[in-house]
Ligand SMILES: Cc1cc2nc3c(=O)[nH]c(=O)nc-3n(C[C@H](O)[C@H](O)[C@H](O)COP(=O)(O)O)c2cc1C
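The chain below stands alone and is given in structure tokens; this is the form predicted alone.
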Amino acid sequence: MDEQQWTMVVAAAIRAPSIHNTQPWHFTASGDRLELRLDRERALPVLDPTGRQQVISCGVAAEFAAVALRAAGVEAEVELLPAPEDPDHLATVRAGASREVSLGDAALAEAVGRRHTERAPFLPRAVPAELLDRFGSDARPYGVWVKTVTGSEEEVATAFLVSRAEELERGDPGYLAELERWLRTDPAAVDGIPVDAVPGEDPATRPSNWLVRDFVAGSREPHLFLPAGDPTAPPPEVERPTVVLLGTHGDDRTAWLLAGRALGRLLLTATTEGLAASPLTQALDWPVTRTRMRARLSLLGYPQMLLRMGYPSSTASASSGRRPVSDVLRFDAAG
């Protein structure tokens, strides 16, 4: 693999979504290897003190790199945590022998550039059950399970925890200050959350039973985000996206990376099918609400990612910037 080929692969890898679009990665290419390391300078110590969500983001980037290699006609092998003495060396992607490019390979690679986070309401159109089954079967080889949040009790319990976590975050000055540091008003910004991509209405007044993260919470008047009335009552008949939960049996860095790889595959497959998604990770940010979710949904493992999914109501969506490949990739001729 030459520098131009690795540049192409990394250009795909950095299209991965990341918490607050922090893009917490950097890469080193050498021969047939691409090393992916966590960039601790882009940490979120308040929102993500363990680094779990940023490691998941890096897992998505590793999967996108593998997808790009296979679509270029090269076998790809992803080794997780290859150097125990270097915990920030999260993955090594190795280029192998030449391979025939399948239609599926090409479709996933093409979806890398089209995938985006969609925070606007979805169309009132159900996600096909067979596609949800496919998400589960695709995730299984990574040791990741996918659960669709169904039934009024599960929906109400999960939506309540998301709302409760949003309330906790909004009341935390440290969280609000950290959030503000990652908001971007410049449309040419290469990282962070672009204000243009954030819905203008207050999420608490949005006609949906799922509360998207309020990225401008610090500029709103404080109020409770808890659903009105009896928390055990069914959710209102409003926008009701499909909500899926990805989880793992363990809860260490290997599990987080595997969750990221499975998430990357799911997001690209969804994009090829005309779907979009956005995270509902508030309830997973806080240990208390994450633990309560395990209990309320009778989970046998650890929840790693909660997604709302559906068919987007518009083709126009503001995209988040990306740092130039030259900022995140270096070449090691000695390797």
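We number the residues from 1 along the sequence you see. Predicted, not measured: the structure shown is a model, and the values here were computed from it.
One more form of this protein exists, namely the form predicted in complex with the ligand; it is left out here, but the text below deals with it.
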item: Interface segment, criterion being heavy atoms within 4.5 Å of the ligand in the predicted complex, picked from 116-124, 77-85, 91-99, 249-257; value: 116-124
item: Proximity of W145 to the ligand in the predicted complex, heavy atoms at 4.5 Å; value: no
item: is_contact(R213, the ligand) in the predicted complex, heavy atom dist at most 4.5 Å; value: yes
item: Partner contact for A157 in the predicted complex: the ligand, 4.5 angstroms, heavy atom; value: no
item: Contact flag, L179 vs the ligand in the predicted complex, heavy atom cut 4.5 Å; value: no
item: Contact residue in the predicted complex, from L161, A71, L245, I193 (heavy atom within 4.5 Å of the ligand); value: I193
item: Contact residue in the predicted complex, chosen from L34, A66, L280, L266 - any heavy atom within 4.5 Å of the ligand; value: L280
item: In the predicted complex, residues of 47-72 near the ligand [heavy atom within 4.5 Å]; value: Q53, I56, S57
